[in-house]
Every structure is written in structure tokens, then in C-alpha cells.
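Take a look at this one chain, the form predicted alone, written out in C-alpha cells.
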């Protein structure tokens, strides 16, 4: 009797141990699946970041011995008008790379959600997303041809009687940066539109039907239902596009190489010039670290605001 009475208690005591072993085994298996990605991330992201931070405190040409200079590289970057100008240019690109694609993407996705269905909707989404498939280098080359003085844009302006507006868009000190921004709008609009359209397709149609019964217009539905319920998707779009603007390199390098003068120079271009043309690894690393901090300072509040609104 004593043995049989103690058996259920012994089984109950062994269950937590069995569950903990299973949970530990599952955790180990999960980490084994994640480990290759973590190793790649550490090798190609964390290690270069730590090395950049290290180099930013030295004077080094990439070949000879390094000389400790402390925060001198950061002081030079923050006191150089040309280097600060590249940071200001990247913030100007945020308007073109982020705000315009997100705003237009909301409108275009809303129209597609209401009107474009079936094959027409699939074709329109494919056409809009096509710039994401094209390499950025190819996009820069194509738009360089279109915006050149004998390019298609100027030919269209001449065809409609606006020849006074023609110019070398990428070679004009005033219009070069907006022209590069236009390329960014073209590249990122499809991404924002498809992502926002996917979010809209998950919304409950009953919400819109109720609003229509109450006499709400399309604009009222858009402001009161669509935009508030797409907070997550809008947050993702803002995060991706702001990073693309601040870290821009491919499009700018191919289309203008930072010119004319420094009109379209951005930190990515200047880091490349300092490191690989002028062999000034220290200032290049310091500018890269400052750019990383700027990205974090902007992106973290966006993420926190998005979580708080939930």
C-alpha cells in the first residue's frame, strides 16, 4: 500500500523535470538553427562595426602603423562644413526617400484596394514592385540617361512646349538633389505600396461597410479607418525608407557621384572618398560611426512610438 500510494506522487514530481528537459532541448535545437545566421551577422555586421569604432580613434592610411588621436577624428568631422553638409543632404533625402513614398503609397494602395482586383490588381502590383527587383546600380544608370540634357525627360518637356524648363537635371546645383530624390521615390514607392496594400487586404470589410452606411466619404474612411489600422505597416515603411535615405550610396554614386560640387554628397559617398581615395581611414570611420548613431537616434523613436500607439 505504501508503495502504491507513493507512486502518483513520484510521477507528479518527475513531470516538471521531464518538461524542463524538453524545454531545454527545444531551446538548444532552436539556438542551433539560429547559430549560422548569428555567426554571419557577427562576422559581417558586428565585427566591422567594432573595427570601425576602433579605427575612428586612430590616424591611419590603411597600410602603415596606426597613431592614437583620441576624439580628434570626431572633432574634425563635426567641425568640417563639407562633412556636415553631407549629413544635411541625407536628411533632405529623407523627404524624398521616406515621406513621399509612404504618403503616395497609402493613396495608391487605397485606390488599388478599392478598384484594382483580379488580374488588373496583380499586374499593377507587379509593375509598382518592379523597381525593387532592378539593381540600384542599373536604376541609377537608367535615370542618368533619362535626366541627362538630351534625355527623355527634356525631350518630353520640349514636346509640350516647356523647353524653358529643360536642363541637365543631375548637373544642376539646385535640382541635382531633388532629381536624385525622384529616383529614390521611384525605387521605394513600390515597396511601400505593396506592403501597405497587403495590410489593407487584412482589414475587416465590415468596418468600411459600417462607415459607408453612416455616410462616410472615401477620404473619411481613409483617415479614420485605413491609416490608424495600418500603424504597423506604416512604421515598417518609415523604418526601411529612412534607413535607405540616411545610408544612400548606390543611386547617388552612379547618378551624380556626389556632384555637382557637393550638391548631392551624402555620408556614404564621403566615407568612400575618405577611405579609398584619400586613405584617411580614421575620419572615414568616425563619419561612419556618427552616421550609425544618427540612424539609431531616428529609428529607435519611430519603433518606440509605434509600440506605444498599439
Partner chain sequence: MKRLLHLSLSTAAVLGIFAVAVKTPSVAAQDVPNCGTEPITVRGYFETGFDLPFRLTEEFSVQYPNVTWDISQDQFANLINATPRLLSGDNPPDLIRLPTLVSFATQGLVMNLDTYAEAFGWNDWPVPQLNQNRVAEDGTRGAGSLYAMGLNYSLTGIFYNREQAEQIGMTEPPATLAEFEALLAAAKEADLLPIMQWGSARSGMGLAFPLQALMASVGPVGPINDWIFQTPGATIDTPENLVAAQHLQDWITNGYFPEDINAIEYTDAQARFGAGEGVFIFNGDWQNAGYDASMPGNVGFFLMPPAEEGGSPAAMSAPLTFGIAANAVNADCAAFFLNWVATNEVARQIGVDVGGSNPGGPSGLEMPPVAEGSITNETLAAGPVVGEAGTSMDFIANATSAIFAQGWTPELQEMVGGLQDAAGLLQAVQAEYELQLSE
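Because the structure is predicted, anything quoted here is derived from the model rather than measured. Positions refer to the first chain, counted from 1.
Only in words, not in the display: the form predicted in complex with its partner chain, which the text now covers.
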Considering its partner chain in the model of the complex, find the one stretch among 31-39, 59-67, 239-247, 44-52 with heavy atoms no farther than 4.5 Å from it. 59-67
Can you tell me if residue 76 lies within 4.5 angstroms of its partner chain in the model of the complex, counting non-hydrogen atoms only? yes
Contact with its partner chain in the model of the complex for residue 71, defined as at least one heavy atom pair within 4.5 Å: yes or no? no
Touches its partner chain in the model of the complex: residue 150 (any heavy atom, 4.5 Å): yes
When the contact criterion is heavy atoms within 4.5 Å, does residue 259 count as touching its partner chain in the model of the complex? yes
Is its partner chain in the model of the complex close enough to 171, 273 and 278 that every residue in that trio has a heavy atom within 4.5 angstroms of it? yes
